Every structure is written in structure tokens, then in C-alpha cells.
Ligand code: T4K
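First comes one chain, alone, set out as C-alpha cells in the form predicted alone.
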Amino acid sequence: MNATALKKFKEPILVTRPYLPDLEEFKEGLEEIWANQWLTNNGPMLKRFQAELAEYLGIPEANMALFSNGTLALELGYYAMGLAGGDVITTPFTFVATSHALKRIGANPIFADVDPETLCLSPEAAERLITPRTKAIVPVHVYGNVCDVEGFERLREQYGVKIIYDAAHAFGVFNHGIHGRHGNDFDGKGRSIGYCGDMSMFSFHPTKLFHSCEGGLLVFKAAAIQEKLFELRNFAIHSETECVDVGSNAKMNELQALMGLECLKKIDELIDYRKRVHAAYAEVLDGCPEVKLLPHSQNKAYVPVLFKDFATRERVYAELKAQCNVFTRRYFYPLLTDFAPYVYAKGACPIAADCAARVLTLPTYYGLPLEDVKAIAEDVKEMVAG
């Protein structure tokens, strides 16, 4: 390989950068917060954010709850759905929060293998592990790619297990088979993928396509659990004199809600720009047999590629950083079953292990110059050819 043929960027290109709204518009929201003198505990900014999210997602406000971060949203959602003490089937090809939140409520994660094309949990693999102790299945919409929701719905109906989706990557993904609250496609989009199964969690971490600095959203079918979730996120305090359960402090504050509102104004533009980034990568990498672009999601949240083997992936990862000043991410590597809390299942998911050893996510974010995207793709081609 000719190192001099590679483009080295003067400033580092990171795998992602958070979108930051117009500062003057953000200041207007801050002035409103200052005037209200209300920083947390279900303030007016939070209520406005929830209402606008409901409108965008095509989901009634009664079927959602906001949290300070996605991990606490998962933990309290799992708890509210009664998963404590039971087995829960999930994927090892995900971020640790998916299973950590299960462990923290006393549930037992059971790991099933993934589909080799989407890298999402396989319903067939999950079905083989269902026992009388199984309370739920937690699939993950990996990279925003939609799981086999029909397959998991069949398991829910056949075995009576709950289906809870980790939709951390899937904000802005819509299911055209699920219609909005007016009976027709909601603004032509359908309803958010979060309305599948019994519950879904979206993460609003700044590394995500859409963010509120930190934050999490639960969407659920049974509106009756909203009150329980509202209590759990505030220590399970029912009134001034009653605490009814062991809750947590998981409330989203007004500053987070303001950031979410400002980012929501731009969400369609953010998704459109990532589509252009993805297309620029595809223009260069399509037809390159050494680099496989994984199926892309509606929201283009990530640009994951698979290399032929572990050694090639590791070499490209290191050389992009050292020679090009480009920072990628081996996402998800290692597998959860390589980590100490879950090593009891090591080796149980060979397809996931193979993908984890070969996957790399390339930089994508709003404002990343498209000529830089193409240069990165050319560098990758040069490296695998060499």
C-alpha cells in the first residue's frame, strides 16, 4: 500500500459529532426557562417536548414517558413490565446498557444469535431458547435497521412473552404498516417503529442522530403503565407522604427538553444529510468486494461496513487513525458475552461473534463534507487493496 496516496486530514474526523442548534434560538429558550424558574420535575419545557415528540412520532402522549437517559429508561421500563426475576432473551450484538439494565433489576439475560444480513436478533434463534422462565425478548434495531417485527410478534402471541425493543438507534424510523392516530399514514410516514411490541426505548445521547444532550424515551402500548413510570422516574414518590416502590431519579430536566425541542426542528434535515453521506460512501464502495456496506436504515444513523476478516478490520481501523486522522468505531466489539458479567454465554452466538470481529462504523454526521466522505472511502479501498 502506498501511504502517500492516502489523504491525511489536518483536523481529526470523528466517527460522529452532535448537532448543535442555532445559539441565538437556544438562548431564547433559556430566557423562557429563567423566567419560569422551573428546572426539573415535569416543567413546561418538558411538557412541550413530549407533545411535539408525540406529533412527530404519531404516538399519543399517553403512550410515552421521557427520562434523563436511555439506560435508566430501559431499567425502569423493564421493571415496570415485570421482568424482575425472570429470563429475558436478547442479543449480544448491542451496547452494554441493553443487558446491564436487565441485570440491575434482577433479570437474567439469555443471549441468542443474530441474523447475518441485518445483525439484528434472529426470531428463530430466540425461539429456540424460550422456556417457562422466559418473561420477555429484547431485540435491538441495530444501526436503526428494523428487526423482524412480524417474527417477534408471532413469538409474543404464541408464547405469551413480552417484546421490548431497544430502539436506541431508530429515532426517525417509521413503520408504514402501522398507521397514525388519525387512521391514515401519519403525514405520509406511518407511525414510529417504537409502537411495535409492548415497549420500545429511544436514546437521546449526543452520539445519536437525534439528541437532547442526554435523554431517553419509552413508548408503550398499555397507557395504564404511564403513571407507574412517572412515579418510578421520581423515586416512586406517590404523594408528599407516600413512597410506593423502589424508584430512581430519572427525570428529564428543562435544559435537556429545550435541546430536544431545538434538535427536533431540524430532524428531517439531519436525516436528509445523512442520506447524502451514505450515498457518497456507497458511490465509492459499491462494487468493492473487500468492503460490504450493511443494509441501510431509513434514518441512516450509521455507516457500518464488514471486512473479510478480523485482521483486515483491525488494520484499517488502526491505519485510518494513524495515517489519515480519521476515527472510526468497532461497533459492536467486543460482544457482550466477552465482558465479565456475561462471560457465562461466551461462544453461544457464533454469527454475532463473526460480525463483531469484522465490523467497522465509518464517520457520519451533519455537516461532514461529502468530499471528505469520498476521500475516506477511497482511503479504505486503498487499504484493503494493499
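Predicted, not measured: the structure shown is a model, and the values here were computed from it. One-based numbering along the sequence shown.
One more form of this protein should be noted, the form predicted together with this ligand, which is absent from this view; the next part is about it.
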Report task. Considering only heavy atoms, tell me if Asn145 and this ligand come within 4.5 Å of each other in the predicted bound form. Result -> no
Query raised in the report: Is there a heavy atom of Phe26 no more than 4.5 Å from a heavy atom of this ligand in the predicted bound form?
Result: no
Report task. Using the partner position in the predicted bound form, report whether Thr207 sits within 4.5 Å of this ligand, counting heavy atoms only. Result -> yes
Query raised in the report: With the partner left out of view, is Pro21 within 4.5 angstroms of this ligand in the predicted bound form by any non-hydrogen atom?
Result: no
**Report entry** Check all three, Leu14, Thr94 and Val140, heavy atom within 4.5 Å of this ligand in the predicted bound form
**Finding:** yes
Query raised in the report: Which one, 345-353, 47-55, 64-72, 314-322, holds residues whose non-hydrogen atoms are within 4.5 Å of this ligand in the predicted bound form?
Result: 64-72
Query - Ser203, Asn299, Ser212, Ser200 - the one with a heavy atom within 4.5 Å of this ligand in the predicted bound form - result: Ser203
Query raised in the report: Which pick from Lys135, His278, His169, Arg233 sits with a heavy atom within 4.5 Å of this ligand in the predicted bound form?
Result: His169
Query raised in the report: Can you name the residues of 311-333 that have a non-hydrogen atom within 4.5 angstroms of this ligand in the predicted bound form?
Result: Arg329, Tyr331, Phe332
